[in-house]
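Listed next as structure tokens is one chain, alone, in the form predicted on its own.
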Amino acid sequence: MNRILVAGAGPVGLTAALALARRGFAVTVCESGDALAAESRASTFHPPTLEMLDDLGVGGELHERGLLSPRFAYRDRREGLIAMLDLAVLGDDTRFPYRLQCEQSKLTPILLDHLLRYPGCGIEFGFHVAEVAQDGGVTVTSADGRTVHGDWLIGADGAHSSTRRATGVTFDGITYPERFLVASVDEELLDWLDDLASVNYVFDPVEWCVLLRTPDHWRVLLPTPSETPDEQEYERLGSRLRGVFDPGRPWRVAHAGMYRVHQRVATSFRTGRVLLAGDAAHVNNPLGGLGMNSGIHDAVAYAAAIATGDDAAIWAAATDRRRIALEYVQSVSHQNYERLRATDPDARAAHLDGLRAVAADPARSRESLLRSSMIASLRPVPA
């Protein structure tokens, strides 16, 4: 039985591991933490991702924990609702014509449970990748001296990937000038704001934001200056939330976090018998919910390619996933960022009018949603 190594037990790594296990491979997952990560992090699953997870036998359990979001909204701070797009128009394109809102921390235990049902599959916690040696296969050594050997290594160990560093692959791109501040709140925003969807992108030239529903909380994402102290930004969070809506009292904030945001892509997704996936291979801003989804797509593509036993097919998968990261994920996510914060009045007005026109035309809605749902990214490139 061939053994495949996977670095990282997030949704990307565990998806890769389960996809390989279902094809008869033994899999060892190497996770640097002492347990699965409990942070909420990504929370939007797009239609093609739901199809992939359903094909892996975990779709039903994920749906039990998630919140169906058939529509999403574009709003403006001053004008309110601009356009509501309904994924029902994708009914002929996917068996899941909606987004599913569910924190990734609810998916990873499901994936791990299914993985451990397969013989020869397991996970090593507290295994921080220190060295990667290629010797006909791949030998990975942890910081505490443990070693594991496999035929391939899939590095899905995040934006600070030790796998990527060990292979010498560079991670080119930019860092945004703002930090992103995310507050999870114990409030029901539907009681306060009319025409809300579960996902709402709010345009504003001064302070755009995103209002996002998860099964446990509403989340509010706000851009935050890069140079101010974290403590200062947390102190003024209450006043900024009241700028979204003022209930006459402080918002109930369950927790808040702040992080820097990057747009970066590895110079190669394959080095010998090492493949990079998810944030280890590409990172982008969270606007549009593309990061985790594209990482899961990487994982499924790699598992299918490795199962062929064809080296050319594996090269093709790595090359194609890098092309999609550059041409689609980076492009769409950065475009979303630029449009939310646009300051030119004429450009803003033209874009908002364009969104209204798209929402009013089912054919144009379908075309737009094929792209934003990531279905288009997986379709063959026209010759």
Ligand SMILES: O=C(O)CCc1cccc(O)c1
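Numbers follow the displayed sequence, beginning with 1. Quick caveat, the model's predicted, so the values are computed rather than measured.
The same protein also has a form predicted together with this ligand, omitted here; what follows describes it.
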Study note, to complete from the structure: Students should find that, of Val89, Val169, Leu81, Leu221, the residue having a non-hydrogen atom no more than 4.5 angstroms from this ligand in the predicted complex is Leu221
**Study point:** Contact residue in the predicted complex, chosen from Val202, Ala305, Leu287, Val274 - any heavy atom within 4.5 Å of this ligand
**Key:** Leu287
Practice item. Mind telling me which stretch in 171 to 179, 194 to 202, 231 to 239, 107 to 115 gets its heavy atoms within 4.5 Å of this ligand in the predicted complex? Key: 194 to 202
**Study point:** this ligand contact at Leu212 in the predicted complex, heavy atom, 4.5 Å
**Key:** yes
Check your understanding: Is there a heavy atom of Arg41 lying 4.5 Å or less from a heavy atom of this ligand in the predicted complex?
Key -> yes
Review point. Does at least one non-hydrogen atom of Tyr259 fall within 4.5 angstroms of this ligand in the predicted complex?
Key: yes
Review point. Looking at this ligand in the predicted complex, which residues in 72 to 101 have at least one heavy atom within 4.5 Å of it?
Key: Arg99
